[in-house]
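Take a look at this single chain, the form predicted alone, given in structure tokens.
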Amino acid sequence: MKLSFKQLLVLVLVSGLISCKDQKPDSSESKSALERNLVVDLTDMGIEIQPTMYGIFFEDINFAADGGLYAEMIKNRSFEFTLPKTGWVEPNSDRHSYNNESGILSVIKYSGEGTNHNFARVEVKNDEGYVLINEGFRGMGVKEGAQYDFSVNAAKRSGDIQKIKLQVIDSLDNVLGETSISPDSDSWKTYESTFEVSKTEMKAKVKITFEGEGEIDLDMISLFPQDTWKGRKKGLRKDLVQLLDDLNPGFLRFPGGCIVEGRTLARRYQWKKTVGDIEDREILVNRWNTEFAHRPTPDYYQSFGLGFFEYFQLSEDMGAEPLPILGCGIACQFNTGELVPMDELGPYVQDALDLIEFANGDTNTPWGQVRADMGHPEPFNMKYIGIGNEQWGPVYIERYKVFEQAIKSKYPEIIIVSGSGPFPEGDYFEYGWEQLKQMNAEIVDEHYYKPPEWFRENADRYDSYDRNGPKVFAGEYAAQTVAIASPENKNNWESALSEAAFMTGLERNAEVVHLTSYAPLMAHADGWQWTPDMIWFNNLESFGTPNYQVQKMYSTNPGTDLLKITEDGDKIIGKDGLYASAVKDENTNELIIKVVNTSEQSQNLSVEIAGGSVNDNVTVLTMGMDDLEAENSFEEPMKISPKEGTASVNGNVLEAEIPSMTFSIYKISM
């Protein structure tokens, strides 16, 4: 078809508009900018921003621990899953034949509950035919030129197997790296070897073969990258911890979440089973493995290679206060809600007392010695402990009272975190707060998973809270773009911007709100159960969502003292889409103003700085986009992220324009 010059011109103009669709248009051309006159008062209000104000909530959901933060690459390394060959494949074997041309693996149960109780017995009848493959956690991510540590516990039983050969292979069976060990004992012995991978592969597998024939027992077949966080052997995945450390967290809450409670009491999280030698830690089926019909993960277990010692160590690495949460004798009330009878609660309470001793006790105490034997003779100086996660009703309160009395009697300095249930309003919430306030509870954990508009509408949530009552831990929150636990929820800009608006209210109420954390923290792109999540990763890559970037902007600019910011004497809590809070930082001698514009109009800010003087230069961090559906991704991990800029102060007045759909931080030297 032949086009006229006029038609061509129209096409060029349209294509130009399309190519610019991701750029922020000049709002002032479509709508005149709103004029806003704000006042920041530098007078000290006597309200400190707690060092714990912005922290991290970690739960082993979405393959966040095994297959994620914990860098082990072999799934079911000790053959402990309910179906003990899960994750392992013998392509040339058939359990209904003698396998004379290959061989077969049998699982031997050698002990009862309470420890690692299975191992594998491999009978190799033909070493040219027998192959054992491990699929990893939705595959294994390996990198060209990287070093990997292979280890295995082995004992020769009969015959003469000379070598155990490990190869990392791709989907076409190409060898990407290999090594071998030579077993030489009929007693259990640990063998180790290191090798290099020649090619990057997202979904590699491990292939194990043998040289020689006979029977050999195997356990703890393990593969780790050498390049772990802080170079620790058999440690944590470096890129994921770096994302956490970059948040400058004030605390690390662990190990959850609903995972603390268990679907049943028998399957609850028991911290004592997660410390000591990793080969002796008894695994547990993950409570999220079949929680949602839309994302069943029956191969989801906890090896506890990432256990309580490692959580304490990670907290120390990041300069974060450790905040462990313990079960209180109630299984998850969304599941079975099983109860420990009150007269049988003693062992649960003792677990809490023993945990404090493990974290803080001298090496002459039993649990302090366990910590020392694990390589940390110095105490972890734990200050907080949480009792219960999302429990509610009289059954929780009566059990909480027993814990509180026992802990405060022995360790009066420990701050106890209690809970107000799973919802931010309603009967459970009101009853919990009423009872805990009567008990003079120290910190109450609140959770809210709500639509983005709820966050924008509730920036004043804590304005009316009793300043003399319990302090608040906003322990789990995230904007749900569709519905709670919907697989269609997105980590889009609308959710993040709404959270940024809400967080101005958290900061403005720092007298009441002492800890906050987004949840959940992490999700494997191929193994998730719940959305949205703050950090997404696959076997090789990771990125922070817009929600992560919002959290980071707050947590790396927390300030030390609260200041008052107003417009016509009123708090700035959403009029015409504008939200604001202000703090000063005694350490850097800066005024830090956080402003969120959720409207479709640009807003011109004239911010008078009263009660003191500031310098002229202003550093600005700005994150914004008019496309509220936009998300970060593996392809564009920093699509929505803060950009640095500058502004100036004239006569103690900051003049700045904040575009539509934008979160900005203004940092001014004092």
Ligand code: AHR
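Predicted model, so just to flag it, every value in this text is computed and none were measured. Each residue number is its position in the shown sequence, starting from 1.
Although not depicted, the form predicted in complex with ligand AHR is the subject of the following passage.
Asks: Test of understanding: in the model of the complex, would Tyr449 fall inside 4.5 Å of ligand AHR by heavy atoms?
Replies: Looking in the model of the complex, residue contacts with ligand AHR include Tyr449, since a heavy atom lies within 4.5 Å.
Asks: Can any non-hydrogen atom of Ser420 be found within 4.5 angstroms of ligand AHR in the model of the complex?
Replies: Outside the cut-off, so no.
Asks: Within a 4.5 Å heavy atom cut-off, is Phe63 in contact with ligand AHR in the model of the complex?
Replies: It does not: once ligand AHR is placed as it appears in the model of the complex, Phe63 has no heavy atom within 4.5 Å of it.
Asks: Since only the chain is shown here, I'm wondering whether Glu390 would be in contact with ligand AHR in the model of the complex (any heavy atom pair within 4.5 Å).
Replies: Answer yes; at least one heavy atom of Glu390 falls within 4.5 Å of ligand AHR in the model of the complex.
Asks: Between ligand AHR and Phe57, Cys258 and Trp530, in the model of the complex, does every residue show a non-hydrogen atom at 4.5 Å or closer?
Replies: Checking in the model of the complex: Phe57, Cys258 and Trp530 are all within 4.5 Å of ligand AHR.
Asks: Given that ligand AHR is left out here, which of Gly307, Gly559, Pro546, Pro520 has a heavy atom within 4.5 Å of it in the model of the complex?
Replies: Checked against the cut-off, the match is Pro520.
Asks: Please pick, from Trp288, Phe455, Phe150, Phe312, the one residue with any non-hydrogen atom lying within 4.5 angstroms of ligand AHR in the model of the complex.
Replies: Spelling it out, the residue with a heavy atom inside the cut-off is Trp288.
Asks: Can you pick the stretch from 512-520, 431-439, 394-402, 350-358 whose heavy atoms fall within 4.5 Å of ligand AHR in the model of the complex?
Replies: Result for this chain: 512-520.
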